[in-house]
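What follows is a single chain, given as structure tokens, in the form predicted on its own.
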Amino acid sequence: MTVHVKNNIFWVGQRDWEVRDFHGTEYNTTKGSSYNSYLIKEEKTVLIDTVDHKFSREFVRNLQTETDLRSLDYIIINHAEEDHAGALTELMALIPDTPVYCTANAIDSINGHHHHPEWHFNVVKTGDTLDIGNGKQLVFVETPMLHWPDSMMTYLTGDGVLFSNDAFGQHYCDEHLFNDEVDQTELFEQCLRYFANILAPFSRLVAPKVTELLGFNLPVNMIATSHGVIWRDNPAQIIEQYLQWSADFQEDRITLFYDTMSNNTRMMADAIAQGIHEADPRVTVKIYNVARHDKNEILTSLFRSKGILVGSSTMNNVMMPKIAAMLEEITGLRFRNKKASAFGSYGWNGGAVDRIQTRLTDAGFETALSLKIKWRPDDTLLETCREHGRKLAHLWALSPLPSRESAPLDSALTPQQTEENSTCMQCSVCQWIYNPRLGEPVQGIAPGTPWDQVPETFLCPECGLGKAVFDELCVEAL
């Protein structure tokens, strides 16, 4: 399928509704993706990028219905990754002498993937131009490490279209091709997710490169990305958003993520979050179990946060493996302007918390005091966790908070309500305890909610079973 983009520009790419992984399995593409290839028909016929290698045959067949392949004068490769240049082998087998324009680094990458050093490569640098007739030129701008060393953008004069490569894109598949045609909430969620998970390590390069691009005084009337939608309605909005995200971005948000063996660390996470919210109701608090949540959603939340808390049970005197993997990924993403702290429960020793704290410091976070608790926290220790959350809320506040001498969380309850709300329930399968004082924030159950008011849709956070398997827990058991 071919889509008219503007004047003599046509989209000849491929939608991929089914793809759920990118960069191996490191990026979960929950909304699919697209591989955007563009055909320009001026006096010269130009192809900008191809598609992922798994669609090579379909791509070439579709391109043949749009133009005689022998009429292709130039092929522009903005980026040599397989999702951009994957169909080159299939295409060049039919037109092996067609000139390929790319950066010097791209030649090495293309040869590494396709093994055809005999192709007719032409190296371009920032400011180089290529005349394509009808008074129009292609202007090349190198963008190394956004996000590969070979990356570049291509600008078409006359039409004011910037073929932006991976910048300003999204892994987002929709039947519509333009930004003003799709759900705006979904679109910007995917833009932020894409920036946080792919471009964040190179944030410091974004503003200088955008400034360099704008320095050419070329009007950008449209941004044609390599993935997702094309920005034809107010393309400046995504440029402005990138400048904001690249400037050590943070919101008034704190994200906690953890892994747990016996639910003790999860109880700590809930209590710390309650303390944060009690001290600073303005702050957004998000909690994730790394074993059960989408990793890229967690990383996006971390990118948005001013502070993060990382929790783990101690296993063999080290942190849980999924926490270790997450910390390694966070280190690579090089988030800036964020504070962090470690927490966790332990039995015989508490090595996990110490290791997490050290890892956070090594990753460049400004770390605050960590918190360890032995075995399952009782009410007294849960209050210790809440107090830890209150302290962090004040320590990490973006503006001064009221005095910490505030009323207890349940001070507004009458004595009768306090007694009614105090009955804890225990899962008979996994022994997880529902404490009405704490509620279950992940499922939207507020602190102070008695068991008889908990929805029938409630599921045990530990084993996933329903209310029917819960029994009343006597006070002595706590």
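Keep in mind that what you see is a predicted model, and the values were worked out from it rather than measured. Don't overthink the numbering: it's just position in the shown sequence, from 1.
If you look for the form predicted in complex with a small molecule, you will not find it shown, but the lines that follow are about it.
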Open item on the list: I need the one stretch from 170-178, 332-340, 79-87, 253-261 whose residues put non-hydrogen atoms within 4.5 angstroms of the small molecule in the predicted bound form.
Closed with: 253-261
Open item on the list: At 4.5 Å between heavy atoms, is residue 368 in contact with the small molecule in the predicted bound form?
Closed with: no
Open item on the list: Can you work out whether residue 192 and the small molecule are in contact in the predicted bound form, taking contact to mean some heavy atom pair no more than 4.5 Å apart?
Closed with: no
Task: Partner proximity in the predicted bound form: residue 151 to the small molecule, non-hydrogen atom cutoff 4.5 Å - done: no
TODO: Find out whether any non-hydrogen atom of residue 317 is located within 4.5 angstroms of the small molecule in the predicted bound form, and reply yes or no.
DONE: yes
Task: Heavy atom within 4.5 Å of the small molecule in the predicted bound form - residue from 112, 347, 133, 364 - done: 347
